[in-house]
Ligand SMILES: Cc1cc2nc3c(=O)[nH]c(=O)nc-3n(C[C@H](O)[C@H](O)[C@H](O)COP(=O)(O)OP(=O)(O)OC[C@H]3O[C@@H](n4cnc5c(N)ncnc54)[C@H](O)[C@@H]3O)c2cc1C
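There is one chain below, alone, in structure tokens, taken in the form predicted on its own.
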Amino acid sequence: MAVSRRDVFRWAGAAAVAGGAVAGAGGVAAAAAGGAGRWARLRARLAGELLLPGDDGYEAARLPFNSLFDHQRPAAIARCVRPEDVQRSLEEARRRGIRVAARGGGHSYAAYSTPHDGLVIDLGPMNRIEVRPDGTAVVGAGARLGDVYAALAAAGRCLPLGNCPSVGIAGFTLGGGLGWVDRAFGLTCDRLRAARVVTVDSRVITAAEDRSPDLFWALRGGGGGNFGVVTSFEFATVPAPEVLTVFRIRFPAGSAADVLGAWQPWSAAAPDHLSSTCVVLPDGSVDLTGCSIGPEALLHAELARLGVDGPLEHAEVDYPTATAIMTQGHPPRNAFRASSRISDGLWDDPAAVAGTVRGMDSALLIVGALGGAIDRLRPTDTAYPHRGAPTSVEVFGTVGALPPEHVTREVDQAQVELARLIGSGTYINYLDPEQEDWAETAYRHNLRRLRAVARRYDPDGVLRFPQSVGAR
């Protein structure tokens, strides 16, 4: 059971903050009057709604999940209800040479899906979910993980997904999709069978193994917003497990070195049905959480190998209940800085790993077990390159009442040190503007091929943003 953001926010004392100034009524009215004329062409061609500054609903619609970027104000937000709306929006962006980005859930860590003075292609209304009798799930790109969980549970099906229900299925899948049952069922992108894509020249194509295979390869881990705008996905789901056992073990301050030293080799050797995560706090305490597919007897047998000596919180539950446990209690927005590193192998110095956040005011480590079904594919089978890596580490710092620049320094200091200690790999869904080596370390041996795909499908850089595949 990968740690829920509810726990991270509670442990770290999270508090959302609002950033940026809002123009006065006169300024908003003037901007709206001038902007409406410039956007009249697109507004007339959309079946959905076009929101401009000053329009009802614009202020709420423009806000990204990370409130540190509330100062970013898009010139327009196209609320797309069909692929043709996406086509018209891309045509307008090309014609006017403006920045454009697709947005599903708005959880881009650096708010790249909310371009300042640009056009947001908001896929939120395109959120229909259909679960077919054969178990294929057809999911609109605007669906959130919570909606997907609910639809799948009603059909008795399972797809490996993440913890936060408001995250969009699109960006989550396109970056790979690390979740709490991925050791059993693989990454979310591994379950992808086809994607409907609007290319930057406004063609609508289907990418699959036998249709546009280069694009299909890139969509499975190449990151959101790089090659076109996906409007829907087709996933191969699995039957929902009948019984799961979720658990939590708390270790006191100062125990992190010992816990990480024992946990990493144990988690790497654990059977595929068992996933776990360690949250390492600045005082050296650790919360070990996890999920085992099967009855609690299976879990206890594995924990005995770990040598756990302490109170164990656990519950044997059905799949809908396990999903509810994993996704409850998340705030609607937050202010944070985050980064990541992925381990090349077993750690030589777990005490040094734990020490990267020792005594910090905000930064903590979310250390997750990889392996299992993730490694059934080769590192070049999909754009996600980190097959064979045993562990991922997210450095997460909630701002709260702290100065954002202070939290940024802490997170950056920890990720730089982790690169020296465990390996330089990074997870593209945890985009960090401070991480200078992000392209080589997020995509590794797949970077050259990804850039070739980007040049083919977006030769003019219409979808370019600071950490896009085409950026250098």
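Because the structure is a prediction, the values reported are computed rather than measured. Residue numbers here begin at 1 and follow the sequence given.
Keep in mind the form predicted in complex with the ligand is missing from the figure; the text below concerns it.
>> Please determine whether each residue of L123, G162 and A170 possesses a non-hydrogen atom within 4.5 angstroms of the ligand in the predicted bound form.
In response: The answer is yes; L123, G162 and A170 each reach the ligand.
>> Within 4.5 angstroms, counting heavy atoms, which one of the listed stretches 204-212, 256-264, 70-78, 106-114 is next to the ligand in the predicted bound form?
In response: It is the stretch 106-114.
> Among the candidate residues L303, A101, V246, I374, which is the single one with a non-hydrogen atom no more than 4.5 Å from the ligand in the predicted bound form?
Replying inline: Looking at L303, A101, V246, I374 one by one, just A101 meets the 4.5 Å heavy-atom criterion.
> Just one of G368, G397, G177, G290 has a heavy atom within 4.5 angstroms of the ligand in the predicted bound form, so which one?
Replying inline: After the contact test, the surviving option is G177.
> in the predicted bound form, does N429 have a heavy atom within 4.5 Å of the ligand?
Replying inline: Heavy-atom contact with the ligand at 4.5 Å: present for N429.
> Hey, in the predicted bound form, is F216 touching the ligand, heavy atoms inside 4.5 Å?
Replying inline: Outside the cut-off, so no.
>> With a cut-off of 4.5 Å between heavy atoms, is G221 one of the residues that contacts the ligand in the predicted bound form?
In response: Judged by the heavy-atom cut-off of 4.5 Å, G221 is well away from the ligand in the predicted bound form.
> Taking 4.5 angstroms as the cut-off for heavy atoms, does F336 touch the ligand in the predicted bound form?
Replying inline: F336: yes, in contact with the ligand in the predicted bound form.
> Listed by sequence position, which residues of 39-70 have a non-hydrogen atom within 4.5 angstroms of the ligand in the predicted bound form?
Replying inline: Only F65 sits within 4.5 Å of the partner.
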